[in-house]
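A lone chain, given as structure tokens: the form predicted alone.
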């Protein structure tokens, strides 16, 4: 039995969990190739024009897995009580089933709003397709969660270990950040400028929850809460020298998050913010020009602050001097 795992969307959050789960049950997992122009074109042909770029890429990855026995596309409704995922992520199994020429879809419903028993049944029903032993299924899922926690801890430690030099925080969904084709290799371009990168994965989840809990109204989308909470924390604390918000054109929840983040940036003006909107027509030259200008502005500002700050005075004095100048 070969189960295909599309290397897109929530792959960048939960891949270690599901790969370990299936392998522990004796199932061979097949990962789709890294995103490329061919995969994008295949996805664009299968998707309505108004769907966001990450979903178009996802459909291209699904079509690249046509030779497996089944394709794993979970229906992720909610991963925490009181909040939900993007409607397009929620409806992915239906979108995939409507695409011709594909293998059967494995689509367990992950919905934490219905409680732990409902979730446990969903995992058991998924595992029961490959094993008749409830104990083996339970141990396979337990091994998967441990693998995921190890991965998350490593990401957090890697982020915290980056000290000194210019620090740029990138707020976005992991599938926008780590898919180098979608992001036009943004991470590599930033690292070439000798800049350390921070993401929401370097923050403790409680910090993000505390930041979003201070909002006048609770956000209903879990993954947008991560984006907004991270940006708000950095804007308040100044722990990064600048923030890049990477979002997809035609993403409804991201559009709302953009308004919130840019509004917060007006209140906390010590940390510069740049929003980058991407779609299948984004040009690498345009992104590189904006990125270089943004980083150059921050470097110049830090240099001016350093030159204007008398010994013993705070950084706030320096920022005031720069603004006055």
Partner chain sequence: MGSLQIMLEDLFRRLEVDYVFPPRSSSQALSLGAAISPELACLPLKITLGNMIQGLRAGADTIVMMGGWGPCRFGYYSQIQKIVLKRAGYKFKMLTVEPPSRGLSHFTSPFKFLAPGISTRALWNIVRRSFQKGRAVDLIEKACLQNHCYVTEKNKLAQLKKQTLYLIDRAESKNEINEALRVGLKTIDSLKTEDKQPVLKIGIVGEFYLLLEPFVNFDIENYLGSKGVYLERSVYMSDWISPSGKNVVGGHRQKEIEKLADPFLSQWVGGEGQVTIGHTISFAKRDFDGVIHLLPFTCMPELIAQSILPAVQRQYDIPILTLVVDEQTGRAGVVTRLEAFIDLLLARKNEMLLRN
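Numbering follows the first chain given and starts at 1. Worth saying up front: this structure is predicted, and the values here are computed from it rather than measured.
What comes next is about the form predicted together with the partner chain, which is not displayed.
**Q** In the predicted complex, is there a heavy atom of the partner chain that lies within 4.5 Å of any heavy atom of residue 266, even though the partner is absent here?
**A** Contact with the partner chain, yes.
**Q** Would you please decide whether residue 98 lies within 4.5 angstroms of the partner chain in the predicted complex, comparing each non-hydrogen atom pair?
**A** Residue-level check for residue 98: yes, a contact with the partner chain.
**Q** Please determine whether residue 153 contacts the partner chain in the predicted complex, using a 4.5 Å cut-off between heavy atoms.
**A** The answer is no: residue 153 has no heavy atom within 4.5 Å of the partner chain.
**Q** Would you please decide whether residue 181 lies within 4.5 angstroms of the partner chain in the predicted complex, comparing each non-hydrogen atom pair?
**A** Looking in the predicted complex, residue contacts with the partner chain do not include residue 181, since no heavy atom lies within 4.5 Å.
**Q** Which single stretch, out of 131-139, 249-257, 168-176, 187-195, brings residue heavy atoms within 4.5 Å of the partner chain in the predicted complex?
**A** Selected range: 249-257.
**Q** So, 82, 88 and 94: all three within 4.5 Å of the partner chain in the predicted complex by heavy atoms, or not?
**A** Yes, the whole trio is in contact, each within 4.5 Å by some heavy atom.
**Q** May I ask you to choose, among 277, 287, 40, 68, the residue with a heavy atom within 4.5 Å of the partner chain in the predicted complex?
**A** If I apply the 4.5 Å criterion carefully, the residue I get is 277.
**Q** Using a 4.5 Å heavy atom cut-off, which residue among 143, 219, 106, 208 comes into contact with the partner chain in the predicted complex?
**A** The residue in contact is 219.
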